[in-house]
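Take a look at this single chain, the form predicted on its own, given in structure tokens.
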């Protein structure tokens, strides 16, 4: 996810933004990640939940599992779950869920600590843009997936980035922008194809009235009217051929 990096820049509005690496950003963000108002995260959980509704894996791996939301979701549904993340502080939050202790590991997405052909579902939620080498990441997805298993990925839509959206959060009044890599959906699909995965589903997700209340609570209802027509996320599903 990158090494620690910080620098300040002054915006046109006279405010300072701190630019941080992916690991440093999530280290700072971890303690409030689940409690902060985050419409994008709410959208991802709604949209990805719809895509995965009919999939009931016996074994599921979450790469860049963060605080463990999807691990707990599938564990509650009866799956055997495992996760990894490159940020220790995010994993510390996940281990507050007692049932996830012993099931998560500190690891880079290009070298996940799971044996070959173990998972019926591999999930990577809103994290692909943090990885430098997505070819290596998709090869790891394919290696750890069973034949006939699914790989589900969501991430910030390229159109959103072109519209000026950032991977950012606020903490104590300070805005942090997180280092990331911009890629087209075509580049993502090419990396998946090179790893031998077959495309099954693609969806673009926009904010709807389901997320409006979060904008409203943050006093940003006017922003909602501006961004609701822009694809916020893409969600792709691939299968490892038998």
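From a predicted model like this one, the values you see are computed outputs, not experimental measurements. Positions refer to the first chain, counted from 1.
The form predicted together with a small molecule is left out here; the points below concern that form.
Annotated contact segment (heavy atom within 4.5 Å of the small molecule in the predicted bound form): 129-137, selected among 156-164, 94-102, 129-137, 72-80. Candidate site formed by 22, 87 and 108: every one of these residues places a non-hydrogen atom within 4.5 angstroms of the small molecule in the predicted bound form. Interface residue remark: residue 45 is counted as part of the site for the small molecule in the predicted bound form, having a heavy atom within 4.5 Å. With a 4.5 Å cutoff on heavy atoms, residue 57 does not count as touching the small molecule in the predicted bound form; it lies far away. In the predicted bound form, at least one heavy atom of residue 64 sits within 4.5 Å of a heavy atom of the small molecule. In the predicted bound form, the small molecule lies farther than 4.5 Å from every heavy atom of residue 180. Think of it this way: in the predicted bound form, the small molecule has a heavy atom of just one of 206, 185, 41, 214 within 4.5 Å, and the residue is 41.
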